[in-house]
Ligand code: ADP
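A single chain, nothing else alongside it, follows as structure tokens in the form predicted on its own.
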Amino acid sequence: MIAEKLNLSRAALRPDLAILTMTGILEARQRVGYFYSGKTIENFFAEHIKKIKVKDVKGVPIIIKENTSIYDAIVTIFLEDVGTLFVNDDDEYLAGIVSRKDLLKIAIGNVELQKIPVGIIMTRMPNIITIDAEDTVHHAAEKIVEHEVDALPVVVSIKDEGEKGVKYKVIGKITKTNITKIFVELGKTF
């Protein structure tokens, strides 16, 4: 019936119907044929977003040490063209995060930026919101929106037997820009 209305052969329509069936928009049953499943392209889009893992889209983190001067952190943020720097302690574990806003606030105060370590102004653990590589991009986006941050460190948790706590190794980053790029790419697909 659809083929007749469109003035096409059934064979010409079959590949298009197969694609709509694979996306879940149509369902196919023997002796019944094709019928609308009730799912929209938006449902398909949402389901697809919820399947993308952070590990598949994470970026390379820019990491500095706690004793790096604020001046050097400002230079690094501009040279690397990032909005957030991740700060490691001497054992290479995540100790803090410093953003452009943090650096701007301290720079306005006309202090001696070469003499003050970034560890003085950074946001410290446990006040840092992190994400696991196996989490979904949707979950990362929820955290970014909920906590009003520009970037999340992608971490691996390591139990610290000595202190009976958890420490984190930074293995990547996910930012507002990463997430926006995903939406742009998906928009081209649909």
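All values reported here derive from a predicted model rather than from experimental measurement. Numbering starts at 1 and runs along the sequence shown.
The same protein also has a form predicted together with the ligand, omitted here; what follows describes it.
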None of Asn127, Ser157, Ser37, Asn67 but one has a heavy atom within 4.5 Å of the ligand in the predicted complex; the exception is Asn127
In the predicted complex, Glu148 touching the ligand (heavy atom, 4.5 Å)
yes
May I ask you to check whether Thr123 falls inside a 4.5 Å heavy atom distance of the ligand in the predicted complex?
yes
Can Ala73 be called a contact residue for the ligand in the predicted complex at 4.5 Å between heavy atoms?
no
Looking at the partner-bound form in the predicted complex, is Pro61 within 4.5 Å of the ligand by any heavy atom?
no
